[in-house]
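The chain below stands alone and is given in structure tokens; this is the form predicted alone.
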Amino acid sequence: MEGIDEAFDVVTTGGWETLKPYAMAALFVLAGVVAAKLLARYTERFIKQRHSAHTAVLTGKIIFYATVTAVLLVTLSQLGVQLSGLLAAAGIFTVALAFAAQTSVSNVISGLFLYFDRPFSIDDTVKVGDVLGTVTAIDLLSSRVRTFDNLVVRIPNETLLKSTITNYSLHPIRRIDIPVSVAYGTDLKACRKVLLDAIALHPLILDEPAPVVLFDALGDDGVELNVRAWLERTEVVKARSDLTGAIYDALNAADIEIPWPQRVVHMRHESQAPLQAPEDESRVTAHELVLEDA
């Protein structure tokens, strides 16, 4: 109790005059941080109306940290701290910190390169390595991507700068490719017309660029075709699913066979001699099974 009484006596006998500058400095710093947040927030909203979300977020962060730094320097100056010596010490500390945190410095520099290169922006759908999702944040050290199964992946900026980045949101329209296989002997001209008619009935497919049906290859099980159609990028997943179903229904309605993998299987018992290949191998079909009992 004596310590508390002595502290109370100091404050009541003039100690408050000693503590007052520090209390005012603390309030000034607190007010400066609040003002920095508000200034950064309104600046970000203003820039977002004229530029990309990436630029707005980065500018807001720079303004926040710059304002807080200025408030701290002014506060220290008002308290009588010699800023020249403080800045010299801060320079030495910064150099030492840079050597100790090379990875962080590399991420910051990589973040600046990403800002000027702008391979993606916030809300873009991107693929980085095995990560596919929507960009939710771009910071000085890392960026965050929310995958389509609602996981958040933090990717260091240095890794982003060194990786191959696929941006699915850069252009307003995209092309989808749907592989189709039909049996040998199919009338390919009639098949192509059936496929184009099925595409034309889909409301999400664009007329320009026009959809096409390409004959891709003569596969092991049938003739392989490639259906290509253009649509708005926001409708890719739904349109691919709907169009695949429409193509399947159209081929069935036109009695066009969709082949399945075919294999010829020969089986024998271990005690039996190896089977001899038939004289005319072409007579063995996919549905034949040559089996010798023991």
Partner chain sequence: MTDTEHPHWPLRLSLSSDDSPSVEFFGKPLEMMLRPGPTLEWYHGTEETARITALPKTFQHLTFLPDLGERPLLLFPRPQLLCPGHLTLRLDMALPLHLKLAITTDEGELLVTRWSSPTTSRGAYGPVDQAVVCTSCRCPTAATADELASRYHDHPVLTGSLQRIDGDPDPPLPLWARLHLEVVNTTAEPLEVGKIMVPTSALTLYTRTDTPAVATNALTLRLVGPQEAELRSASRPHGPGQYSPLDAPPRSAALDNKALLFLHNYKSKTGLEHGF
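Residue numbers count along the first chain shown, from 1. These figures come from a predicted structure and were not determined experimentally.
The same protein also exists as the form predicted in complex with the partner chain; that form is not shown, yet it is the one meant from here on.
Checking Ile205, Val128, Val223, Ile122 for any heavy atom within 4.5 Å of the partner chain in the predicted bound form turns up a single hit: Ile205. Of the residues Asp249, Asp242, Glu232, Glu257, just one reaches the partner chain in the predicted bound form with a heavy atom at 4.5 Å or closer; this is Glu232. For Lys189, no non-hydrogen atom is located within 4.5 Å of the partner chain in the predicted bound form, even though that partner is not displayed.
A residue is said to contact a partner when one of its heavy atoms sits within 4.5 Å of a partner heavy atom; Pro179 fails this definition for the partner chain in the predicted bound form, lying far away.
Though the partner is left out of this view, Pro172 does reach within 4.5 Å of the partner chain in the predicted bound form, counting heavy atoms only. In the predicted bound form, Arg45 stays away from the partner chain, with no heavy atom inside 4.5 Å. No residue in the set Arg144, Val153 and Pro156 has a non-hydrogen atom no more than 4.5 Å from the partner chain in the predicted bound form. Annotated contact segment (heavy atom within 4.5 Å of the partner chain in the predicted bound form): 196 to 204, selected among 105 to 113, 129 to 137, 70 to 78, 196 to 204.
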